[in-house]
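Just the one chain here, laid out as C-alpha cells, in the form predicted on its own.
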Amino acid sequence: MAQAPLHLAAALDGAGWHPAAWRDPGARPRELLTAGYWTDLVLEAERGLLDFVTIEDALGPGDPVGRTDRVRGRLDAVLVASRVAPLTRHIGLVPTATTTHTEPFHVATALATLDHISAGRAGWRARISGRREEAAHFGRREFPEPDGLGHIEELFGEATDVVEVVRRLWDSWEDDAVIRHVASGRFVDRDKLHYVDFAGRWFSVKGPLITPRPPQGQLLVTALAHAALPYRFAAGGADLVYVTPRDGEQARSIVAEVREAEAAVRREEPLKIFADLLVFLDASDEEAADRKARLDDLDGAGLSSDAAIFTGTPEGLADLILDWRTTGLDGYRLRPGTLPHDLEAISRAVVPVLQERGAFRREYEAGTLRGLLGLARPVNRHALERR
C-alpha cells in the first residue's frame, strides 16, 4: 500500500526559537517589526514547498519577564498573515490567536477574512492564555497564582466553547448566501444566513458572522498539546495537533494517546498529528552543535524546550523524519533555531534530500490548505440539515 504523503510546516517566531537567536550574525533584529521580514520568511518556506507556516503570538512578554537581553515585542500574527497573503500563492498561513481573552466573534471574522484574501490558505493555531499578567492587560478577569490543573481545565473548557462558536460562525453563512441579484436588488439571500444562538458559561453569541463563509468552508484548526487534557481538546475541536515527542518510541506512545482521545470524544475523522522539532542545521554535526553552543553562551544557559532539539546536518534530519514517521505521524512542524539560517536550511537542503528519497512533493498539488493536507471541504451544517 502506498505511504501517505509526508507533510512539513515551519513555526516562525521572532528571530528564531533560540532566545539568543537575534544575536546570531545572520539575524535581522532591526527588521523584526517590518512586513518585509515576515514576507521574506514565508516566501522562503513556500520556495521549499512546505504545507504551511505557523506564526506565533502571545499576550505577554514571555519568560523570564525581567530579562532585557531577549526579543521583546511582536506584531499581531493574524495581521502579519493578512499582509503576507497576497504576496504568496500556495503556502498555508496559520497564525496563533488566543481563546482566552479574545472574543470568538472577532477571531472568526479575522480568520475568515484571512481565508478570503488568501483564496483558501488560512488556518488557526488556537491557544489558551493562562498567565496573571496577561489577564491584567484586559482587566476583565483575575487569574489565580499558577495552581496546576484546576485553572488550566477551566481555560481548556473555555477554549472548547470558543472553537465551537467560531466554527458555527463560519457556517452561519451558507456557501450560496451571496447572490448579487441586480434586477431584484437582493445582494444576499436572507434565508441562507443563520443565527448561531450559542449560550455558554463564558459568553453568549447570537450571530450570524459579518463575513461570508470562508473559501475552505471551515479553516484548518490546529493546537499544540503535551498531555491528556489538550489531546482531548484537540480531538474534540481541531483538525491537526502538534505534539512533542523526545524520540521515536515516545512518538509512537503519543500517537496512541491521541487516538485514544479521539475515541473518547467519538471523533469520526482522524486528527493530523505533527511532531514539533527545534532544529539547528549546518554542513556537519559539529558545526551545528557549535553554533547552538555559541548561542547558549550568549544567553547564559543551555537551551531548553518543550520540543526535542536536533543539531546536525540536513541528511541527519531527513533520517530522523523518515524514521519517526513510521510511528504514525502525519508530518512535522520544524522550529528554526535561528532565522533565516535554519529556515533556509530546511527549504534548500532538507527538502531536496527528502525529495531525492521520494518522500516529499516536488510541486504544490492543491490550491487550498485543506487540500494540501488531504482534507475535504466540509459541507455547511445548515445545508446538510436540509438534505
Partner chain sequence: MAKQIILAAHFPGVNNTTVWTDPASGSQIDFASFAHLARTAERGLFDMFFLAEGLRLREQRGRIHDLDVVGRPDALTVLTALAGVTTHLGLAGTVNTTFNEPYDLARKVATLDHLSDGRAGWNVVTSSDAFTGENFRRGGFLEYSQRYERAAEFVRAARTLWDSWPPDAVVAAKDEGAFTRTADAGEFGHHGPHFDIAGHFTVPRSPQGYPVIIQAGDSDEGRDFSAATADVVFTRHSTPRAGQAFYRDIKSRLAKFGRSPEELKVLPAATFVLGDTEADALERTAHVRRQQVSPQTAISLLEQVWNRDLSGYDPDGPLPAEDPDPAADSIIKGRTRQHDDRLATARAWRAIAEEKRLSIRELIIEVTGRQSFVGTPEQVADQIDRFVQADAADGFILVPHLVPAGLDEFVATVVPLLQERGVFRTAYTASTLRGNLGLGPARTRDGVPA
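Residue numbers count along the first chain shown, from 1. Because the structure is a prediction, the values reported are computed rather than measured.
Although it is not shown, the form predicted together with its partner chain is what the next lines describe.
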item	value
Its partner chain in the model of the complex: contacting segment from 133-141, 274-282, 311-319, 251-259, heavy atom within 4.5 Å	133-141
Contact flag, Ala27 vs its partner chain in the model of the complex, heavy atom cut 4.5 Å	yes
Any non-hydrogen atom of Leu193 within 4.5 angstroms of its partner chain in the model of the complex	yes
4.5 Å heavy atom contact, Ile128 to its partner chain in the model of the complex	no
4.5 Å heavy atom contact, Leu79 to its partner chain in the model of the complex	yes
Residue (of Thr109, Thr88, Thr160, Ser305) lying close to its partner chain in the model of the complex, criterion heavy atoms within 4.5 Å	Thr109
Contacting member of Arg67, Arg348, Arg361, Arg357, with respect to its partner chain in the model of the complex [4.5 Å, heavy atom]	Arg67
Complete contact of Gln218, Ala366 and Ala376 with its partner chain in the model of the complex (any heavy atom, 4.5 Å)	no
Heavy atom within 4.5 Å of its partner chain in the model of the complex - qualifying residues of 193-211	Leu193, Tyr195, Trp202, Phe203, Ser204, Val205, Lys206, Gly207, Pro208, Leu209, Ile210, Thr211
